[in-house]
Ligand code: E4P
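In the block that follows, a single chain appears as structure tokens, in the form predicted alone.
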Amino acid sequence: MLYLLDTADLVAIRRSYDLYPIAGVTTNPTIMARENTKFLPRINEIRSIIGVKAMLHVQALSKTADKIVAEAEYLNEKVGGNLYIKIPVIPEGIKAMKILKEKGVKTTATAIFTPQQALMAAVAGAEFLAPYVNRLDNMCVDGASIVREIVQLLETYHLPAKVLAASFKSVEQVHKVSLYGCQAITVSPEILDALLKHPMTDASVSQFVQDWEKVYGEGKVTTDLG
């Protein structure tokens, strides 16, 4: 499993990178607009935090293939590193994925709501496929089941693309796609924290400390004892 952060909040990125095994960061136009700051400087700040080897997913805004390709080449020049250009699965987007594959530019197919959208993007050369789990759930469609079907299609046709499931609002959604063999997820910092949260874990840690300190003293740890 690859864990990616779905945010452009620099404080959150620094904290999560310090604590967790994060493979990269994803952004989209909505996330960037929420930060209300200059676009390219913020993207480069993110790159400086995560390093050149970590994945950074940045979305192109154009709606025609030639302009999407131009954006992709511009971003690769200005940002660099292990960069993936996010492209929606519209016809012009699929065309852009084919062109960029030939140019050696890595892409992530986004705004996926059906397995067939994902399959076509994978055949076109996208490295990652991003289905929107919670948005599907909100449409009375089982988002995790869509992820499972995409995973199955990739296996059936021996395609190298990976599923990067997105749009999560609960730990249960993350758990389901994990069971179905999803290779990567992108989540908010809040959901990432929640993946480890359990009241019994907190209670166990508190009990360990209480039992220890009764014998060895308050605030003492193993390195304090001879």
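Residue numbers run from 1 along the displayed sequence. All of these numbers come straight from a predicted model, not from anything done at the bench.
Keep in mind that the form predicted together with this ligand is not shown, yet the notes after this line are about it.
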Any chance all of M55, N82 and T107 sit within 4.5 Å of this ligand in the predicted bound form, going by non-hydrogen atoms? no
With the cut-off set at 4.5 Å between non-hydrogen atoms, does N44 touch this ligand in the predicted bound form? no
Determine whether any heavy atom of R135 comes within 4.5 Å of a heavy atom of this ligand in the predicted bound form, and answer yes or no. yes
K169 versus this ligand, in the predicted bound form: is there a non-hydrogen atom within 4.5 Å? yes
Even though this ligand is not shown here, does N28 get within 4.5 Å of it in the predicted bound form, heavy atoms only? yes
Which of 161-169, 44-52, 192-200, 62-70 has heavy atoms within 4.5 Å of this ligand in the predicted bound form? 161-169
Taking this ligand in the predicted bound form, which residues along 174-191 bring a heavy atom to within 4.5 Å of it? T186
